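Next up: a single chain in structure tokens, the form predicted on its own.
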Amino acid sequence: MPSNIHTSHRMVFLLPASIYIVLVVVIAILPAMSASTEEKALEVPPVTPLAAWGRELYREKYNCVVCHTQQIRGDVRRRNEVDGSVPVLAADARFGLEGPTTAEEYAHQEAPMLGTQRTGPDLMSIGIRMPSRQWHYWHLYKPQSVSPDSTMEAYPYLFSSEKPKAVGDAVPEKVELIEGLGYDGDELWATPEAVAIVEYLLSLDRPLARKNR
């Protein structure tokens, strides 16, 4: 007599378990394998170890992902007006004129930090928009010194009045003192953590978008 799911304890267990395993393979494992294969074919070099450490600090220690997105959105309503491609959403145009972000641009990222809230600007192309390392140091030390309307908190503890020791590839850098930016000491040094964070920010330069422009 064939087993009946209503009376067989084995069937009650095996049927849902089998469905779960099939769904895991179809929804998670197969797409992950496909994405991994596509990522290897992309001409996007992995970030340097210094930028990778900066990304870890950005994401986990200082929680920058809470206030900053990394996702330039597209306006699909205007697709047919621009040769079938998707233009940048008007509200996002100041963050990246190269086009909306694509899946390929998140290669080598674990996990992609698209974000959901823009208390601060989107940072997907900050390496292009703000390529000055010194600007980023001042923005971390005192955001309002270079962006008067900024609501970002200051991170003065990422800097030191004396040259700190290097940590691996993170060699402390001297910050250029500019009159009126709010520092009265003789010297100001970016600590290894500040150097790593800025290295990561400068790596966000959308190489694929610029190449395909």
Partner chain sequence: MVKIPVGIPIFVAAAGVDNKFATLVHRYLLSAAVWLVLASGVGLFLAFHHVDPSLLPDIAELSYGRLRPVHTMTMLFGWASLALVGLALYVVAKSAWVPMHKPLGKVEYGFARLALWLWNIGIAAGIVTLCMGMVNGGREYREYQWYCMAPIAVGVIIIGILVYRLMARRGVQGVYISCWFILASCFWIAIIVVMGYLSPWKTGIADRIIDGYYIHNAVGMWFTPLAVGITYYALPKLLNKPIYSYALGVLGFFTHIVFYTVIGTHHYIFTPIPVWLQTVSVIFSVAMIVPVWASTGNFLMTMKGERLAIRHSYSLPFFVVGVIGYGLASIQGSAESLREVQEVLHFTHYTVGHAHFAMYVFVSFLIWGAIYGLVPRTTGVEPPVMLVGVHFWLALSGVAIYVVALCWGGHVQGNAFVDGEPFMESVRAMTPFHVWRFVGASLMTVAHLVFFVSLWRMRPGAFSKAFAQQPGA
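So that the term is clear: the rigid core is the largest set of C-alpha atoms that superpose within 1.5 Å between two forms. Everything quoted here is computed from the prediction, not taken from an experiment. Residue numbers count along the first chain shown, from 1.
Beyond what is shown, the protein has a form predicted together with its partner chain; the following relates to that form.
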Report task. Mind telling me which stretch in 169-177, 182-190, 46-54, 151-159 gets its heavy atoms within 4.5 Å of its partner chain in the predicted complex? Result -> 151-159
Requested in this report: Could you confirm whether E98 comes within 4.5 Å of its partner chain in the predicted complex, counting heavy atoms only?
Outcome: no
Requested in this report: Although its partner chain is absent from this view, report whether R133 comes within 4.5 Å of it in the predicted complex, heavy atoms only.
Outcome: no
Report task. Please run the contact check for D83 against its partner chain in the predicted complex: heavy atoms, 4.5 angstroms, yes or no? Result -> no
Query raised in the report: Is I128 close enough to its partner chain in the predicted complex to count, meaning some heavy atom within 4.5 Å?
Result: no
Query raised in the report: Which residues within 49-64 place at least one heavy atom within 4.5 Å of its partner chain in the predicted complex?
Result: R59, E60, K61, Y62, N63
**Report entry** V167 C-alpha shift between the shown form and the other one of 2 Å or more, rigid core reference
**Finding:** no
Query raised in the report: Any CA movement of 2 Å or more for V26 between the shown form and the other one, core superposed?
Result: yes
**Report entry** Per-residue C-alpha change between the shown form and the other one, V66, threshold 2 Å, rigid core fit
**Finding:** no
